[in-house]
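Read the single chain below, which is given as structure tokens and is the form predicted on its own.
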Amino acid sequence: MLRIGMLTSGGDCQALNAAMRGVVKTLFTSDTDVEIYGFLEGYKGLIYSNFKMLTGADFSGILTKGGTILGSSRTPFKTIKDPDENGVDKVEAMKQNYYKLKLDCLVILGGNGTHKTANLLRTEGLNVVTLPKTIDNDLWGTDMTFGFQSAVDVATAAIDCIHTTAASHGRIFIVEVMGHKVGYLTLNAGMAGGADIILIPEIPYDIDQVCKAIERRHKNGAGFTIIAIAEGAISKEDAALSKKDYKKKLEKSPFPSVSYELADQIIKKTGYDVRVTVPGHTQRGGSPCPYDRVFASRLGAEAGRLILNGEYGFMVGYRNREIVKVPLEDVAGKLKMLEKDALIIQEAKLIGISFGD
């Protein structure tokens, strides 16, 4: 008998259900008896023993369903070793619940913070297999994460819709795309949506260069400009500040996000009409795109195979068009950033996209 615990942690995204379905279908089609324990609301479920037994029927019809049937929550890694408000040792509680249920393995789906905790549990002696979930595509050790392509589709659709109204009114439109630390989502959606300027966290922008790019378009007869900006984009001036000073600036800022500050600066410098659109959490919602359904299913199937073979301590990743297993210790605590001279950025510049640098 195999007893498998499963949880989804951190922000939700498309294809979480598809990935879990891939794991479970692989296990259930083997000759092994399997019990699935689904922990609710991420690590909180494992800490406080909040779970439910799942059968094959629970994973039927969820391939196209967004979100997560187990629910999710954020349990920050930086406080994972701190007792909760009732003095509960969170790490010890997770270990005890694992052993109390006589689990053979924990399947954990999540992003960067989730993988730090998953690796901690591995070092504490628990058998863990993880799956790479995030719309940011910023997990180390994998070329792709599930949820990313679906989010690109949503953000691209938003930019597509903005094009017609921007052209009709001759306006500058700023579309704020999710991504606090990395720009994969903004870059891909911006290129797919035909954005004229793309601003990402890895390349601090110069407001004067942004305005020059806008003026150049107007001089060439273009009556509008589309700017795709990551929510974590930063100006060169702000990038030069210490983290402490930058945090103070944000706390005192009258603007709800970088997009509105950028809009204000462009209006003051050019006099043009500027509008801001924020697709927000729509980028994480809805049904997974066909690519993510297939991709998550493949990752889930490989996770199931690892479990059946007793191979633990790995994240199932994707490298060079192949599904691979990556040691958790190689993944935890590392962020996959976009290189400033990445080929895709060079190619974007060749077709006339400005990055404000």
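These figures come from a predicted structure and were not determined experimentally. Numbering starts at 1 and runs along the sequence shown.
Keep in mind the form predicted in complex with a small molecule is missing from the figure; the text below concerns it.
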request  = Would you please decide whether T134 lies within 4.5 angstroms of the small molecule in the predicted bound form, comparing each non-hydrogen atom pair?
outcome  = yes
ask   = At the 4.5 Å heavy atom threshold, is G179 in contact with the small molecule in the predicted bound form?
value = yes
message = Does any part of K90 reach within 4.5 Å of the small molecule in the predicted bound form? Heavy atoms only, please.
response = no
key: the small molecule contact at E231 in the predicted bound form, heavy atom, 4.5 Å   = yes
inquiry  = Quick one: R74, H281 and R284 and the small molecule in the predicted bound form, is every residue within 4.5 Å by at least one heavy atom?
reply    = yes
ask   = Taking the partner as it appears in the predicted bound form, which of 199-207, 135-143, 268-276, 221-229 has residues with heavy atoms within 4.5 Å of the small molecule?
value = 135-143
